[in-house]
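In the block that follows, a single chain appears as structure tokens, in the form predicted alone.
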Amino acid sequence: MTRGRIAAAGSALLCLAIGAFTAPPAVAAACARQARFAVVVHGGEISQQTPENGRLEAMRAALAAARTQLASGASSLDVVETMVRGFEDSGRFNAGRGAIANADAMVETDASIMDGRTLNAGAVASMLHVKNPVHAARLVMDAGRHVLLVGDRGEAYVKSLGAEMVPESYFIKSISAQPEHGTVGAVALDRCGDIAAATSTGGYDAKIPGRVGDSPIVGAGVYADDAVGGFSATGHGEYFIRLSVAKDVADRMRYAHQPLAAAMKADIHERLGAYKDADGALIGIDKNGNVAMDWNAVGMFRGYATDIEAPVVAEYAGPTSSRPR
């Protein structure tokens, strides 16, 4: 796979359909510089007991397919976009088709993607008709002129770039019986040593129309830098924006030389923990391929895989990191 925009005739995207994740045809390895690779995903933090609804199996299938692709030399950027795009299509998560409705019973979606090799990023917010917000974010990044496009004029722009539009009836438009703050995200390290991260969400249940959370904000809900690591966040977005959580974790690793898990713990449990309702979670991979997953709520739908570990998924108790490198 190339690091640029995927040609429609040259590469089939992975997709999630009723929980099934299908790998694309084999492609020539793009890079085999190192044996190490890793991928981690989340399906939202859990603020109270929540039905699993097939999310763990969807993540396990996605991780298995991504592991195969990374082993074959696929780029981290292509892998994270494809995984998140599959989650958006599945209707099982608060993203894409399954995004929850705002206070006006409309779906507004946000997404972002970042390339740790170049620090290029793309994002969209308050999208009403975009089928795959993460792909729209990738199109914005690849166009190169801007980072974040919002609202109806931003939607018109991503449509001109090739983003697929759908009618409002496409979205499930569920209004959760319980507060829902879920998001989906993926981070990957490929065999080139490059890291990428992507995040996509429908935001808060019954949010004020026009509200934008942390998911499309570089440094808050997403961040990737090959020199440090990559991150995707989920939770109470206003606090992630105020505290620039993803970038702060990266800075702790860069300047204070804190290990990945320790840097994430400081932000998730200490900085966010200082506020009563600042619930949230973070997944990350460092430049050596170590994976960490941390949260201050009841749990987090999460999973990971590496070149030496088969896919592992969990929602409450269970793993919070990969085997140390």
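Everything numeric here is computed off the predicted structure, so don't read it as measured data. Numbering starts at 1 and follows the sequence shown.
Here the subject shifts to the form predicted in complex with another copy of the chain, a form of this protein not shown in this document.
Partner contacts here mean any heavy atom within 4.5 Å of another copy of the chain in the predicted bound form, and among 144 to 152, 69 to 77, 191 to 199, 83 to 91 they occur only in 144 to 152. Highlighted residues G219, L243 and R252: every one comes within 4.5 Å of another copy of the chain in the predicted bound form, counting any heavy atom. Using a 4.5 Å cutoff between non-hydrogen atoms, F171 does not count as a contact of another copy of the chain in the predicted bound form.
Shown alone here, G210 lies within 4.5 Å of another copy of the chain in the predicted bound form, counting heavy atoms only. Another copy of the chain is not shown here, but in the predicted bound form it comes within 4.5 Å of a heavy atom of M106. Within this chain, L139 is remote from the site of another copy of the chain in the predicted bound form, having no heavy atom within 4.5 Å. Of the residues given (R271, R36, R60, K287), R271 alone sits with a heavy atom within 4.5 Å of another copy of the chain in the predicted bound form. A single residue from the set A262, V298, A256, A32 has any heavy atom within 4.5 angstroms of another copy of the chain in the predicted bound form; that residue is A256. Residues are counted as partner-facing when one of their heavy atoms sits within 4.5 Å of another copy of the chain in the predicted bound form; in 94 to 128 these are M106, E108, M114, T118, L119, N120, A121, S126, L128, in sequence order.
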